[in-house]
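So this first bit is one chain, no partners, the form predicted on its own, shown in structure tokens.
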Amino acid sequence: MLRKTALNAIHRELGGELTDFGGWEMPLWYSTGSVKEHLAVIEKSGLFDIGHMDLLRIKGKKTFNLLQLCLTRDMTNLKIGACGYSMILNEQSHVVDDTIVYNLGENEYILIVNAGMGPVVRQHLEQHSTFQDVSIEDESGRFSKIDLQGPASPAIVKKLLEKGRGTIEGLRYFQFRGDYADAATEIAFAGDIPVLLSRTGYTGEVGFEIVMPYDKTLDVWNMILDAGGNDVTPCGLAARDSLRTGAVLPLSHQDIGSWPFVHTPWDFALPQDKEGRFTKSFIGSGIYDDPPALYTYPFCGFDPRKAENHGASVLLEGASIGTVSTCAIDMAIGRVEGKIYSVASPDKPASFKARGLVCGFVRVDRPLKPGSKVTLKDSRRSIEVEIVSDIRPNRTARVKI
């Protein structure tokens, strides 16, 4: 039987097209449609139910030591009130999962991991812990999570804050405030609802990930819709997928997974100094002494035609060199004389129209330079695409608020 989030009834009321996602019944899109949902996040804001994610709370005097060993991120640089993106690797350097880790202070951290991965990650941490003074608690069922993403998000959140409104002024990308499990938290929504409010998201656009007590999920969802009015649109998994692809963000167990995490667009998750040298050792780090010939690159096409979402062949001069891991359409972008523009690009030409471009990631057996042309081939068609260093330009995730 599929698991259901606290907002399952709302998804049905809104005409959601429901599907099985990692054992959860989740909306692919609503009656609005995935194209309009995608564009809403670029132009105004979109609201996502992310209640299927898992959350681990880790406490104890040796918590830092455990995370420093098990996460690729160098925890030394993660200050209290900051969060960071990291991989969790096994001894073969395969990705167990990716995570955002939050430093709450006083030897306490939170890991938010993917749907169903809480028990797996907890077991992985416990297997590698030689520290008696560490507790790992899976808080699934106690919390829920909603993401509000897009340029209208800061103004909407400010309307909702009953406590701590001033604390989000100047809140930077990958910083957070509050704790949903702390009744005395510095951040609370109307009705004294404690939240963890994080300047992060999975769209590439400015916004927040909001963690709250499970029994307050519907209240927060309705508050956001009421406060946002026409500036907020409920969004499903399809828009989440196309937005994250255009923002060059991976899907765990599809773009990263049971193969070595080497030569990827997400190498910033590795603990490297300015010269590219590792600042620490971690589980799986031995492979980087002599990494295999495995490379992941973003690509962008020249029209909206797609190949199979994952598994299509990648051809270079007619020879197979790898496979497609993600293939999506970013509906907010298009090309003019070969250059990619977004609906948000301030320099877009008058002739620009966002008809959408196919984009995604390929995993290949050799290095390729940006600008290289490869062919994606499935059982239906062959599509020429270009290896790129970035996809959707003028993303707003890092803007000041």
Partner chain sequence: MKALEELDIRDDLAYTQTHEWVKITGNIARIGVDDYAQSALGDIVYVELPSVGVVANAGAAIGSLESTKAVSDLNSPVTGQIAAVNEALSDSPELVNASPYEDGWIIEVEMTDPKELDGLMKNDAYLAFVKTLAPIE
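Keep in mind that this is a model prediction, so the values were computed, not measured. Positions refer to the first chain, counted from 1.
As for the form predicted in complex with its partner chain, it is not shown, yet the points below apply to it.
A.B. asks: Which of these residues, Lys44, Lys36, Arg335, Lys59, gets a heavy atom within 4.5 Å of its partner chain in the predicted bound form?
C.D. replies: Here the answer is residue option Lys36.
A.B. asks: With the cut-off set at 4.5 Å between non-hydrogen atoms, does Glu386 touch its partner chain in the predicted bound form?
C.D. replies: Flag for Glu386 set to no.
A.B. asks: Within a 4.5 Å heavy atom cut-off, is Tyr341 in contact with its partner chain in the predicted bound form?
C.D. replies: No, Tyr341 is distant from the partner.
A.B. asks: Is Asp303 near its partner chain? Define near as a heavy atom within 4.5 Å, in the predicted bound form.
C.D. replies: Judged by the heavy-atom cut-off of 4.5 Å, Asp303 is in contact with its partner chain in the predicted bound form.
A.B. asks: Is there any non-hydrogen atom of Leu28 lying within 4.5 Å of its partner chain in the predicted bound form?
C.D. replies: So Leu28 counts as contacting its partner chain.
A.B. asks: Please name which of the stretches 178-186, 325-333, 198-206, 150-158 has residues with heavy atoms lying within 4.5 Å of its partner chain in the predicted bound form.
C.D. replies: Stretch with heavy atoms near the partner: 325-333.
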